[in-house]
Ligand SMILES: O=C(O)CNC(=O)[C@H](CS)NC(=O)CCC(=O)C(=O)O
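Okay, so here's just one chain, in structure tokens, the form predicted alone.
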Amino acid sequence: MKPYLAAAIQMTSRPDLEKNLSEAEELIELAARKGAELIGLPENFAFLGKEEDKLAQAEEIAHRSEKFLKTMAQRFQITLLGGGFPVPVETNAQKAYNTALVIDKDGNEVARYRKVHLFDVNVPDGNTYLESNTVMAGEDFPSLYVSEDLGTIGLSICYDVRFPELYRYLSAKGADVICVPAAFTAYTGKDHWKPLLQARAIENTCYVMAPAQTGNHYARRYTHGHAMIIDPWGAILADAGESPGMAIAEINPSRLEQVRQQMPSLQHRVFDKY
């Protein structure tokens, strides 16, 4: 593993596949020009609209998203995270998997994850979210991408960040960088987004790269923003704020080693099986 720059992209995706992919391309190019070698797109980067509209277009969104990710990774010679898009379920036409992919610089798929924890929540701002109405939950732990240059990269999506056992699994498998692409609601994000991300970084002594959605997407759907990169001590290295753009920072193996020596908490675990 070498030192390198990572970029967590921040978008305001809407119910328009073409415009979203165009915006994503511009931000990927900008991040690549800044020298980023690992670039992450947020959850719902290709389409953020009503659930029934997403499901109706899921086949096209899935096809276009996978092709887009592979094309961008090859064009800019980067490793690219597609943080979450619908992939139709073959056995159930009424549902899709919320799927994250990692594509290497040669355009090869090197990791895939189907979101396990679905966001079925009555948020106190009056909005109700029932992701399970149109999304099929994954059943497997996330896969990890082991890269000689970039380290070991683990996947998760948005609501997963509230379930620390998933991240314990990733750290046990050797994760150096944990990805948390999200479309975090504005209401919950103001109180929970930053402390949850910092907790996942601190307790697992890993870097966290968290691409994010921001702003108003349609109707009353608002997201929090603040795409971040956090170091294994919990320090926020970059924060994209509330506008589309990116958080960009260095991932440094020397810093990982330093923190893991100073705070070897993973070695002190008692209840490692339950």
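The shown structure was predicted, so the numbers you read here are calculated from the model rather than taken from an experiment. So that there is no doubt, residue numbering starts at 1 and follows the sequence shown.
Not pictured, yet referred to below: the form predicted in complex with the ligand.
Proximity to the ligand in the model of the complex holds for none of K95, R114 and S156, with the criterion being a heavy atom within 4.5 Å. In terms of contact with the ligand in the model of the complex, the residue from L38, M228, L48, I61 that brings a heavy atom within 4.5 Å is L48. The partner is absent here, but in the model of the complex a heavy atom of F184, alone among Y167, F85, F184, Y145, sits within 4.5 Å of the ligand. Screening 86-94, 101-109, 184-192, 167-175 for residues having heavy atoms within 4.5 Å of the ligand in the model of the complex returns a single hit, 184-192. In the model of the complex, no heavy atom of R75 sits within 4.5 Å of the ligand. The ligand is not shown here, but in the model of the complex it comes within 4.5 Å of a heavy atom of Y129.
For N44, a non-hydrogen atom is located within 4.5 Å of the ligand in the model of the complex, even though that partner is not displayed.
K70 falls outside the set of residues with a heavy atom inside 4.5 Å of the ligand in the model of the complex.
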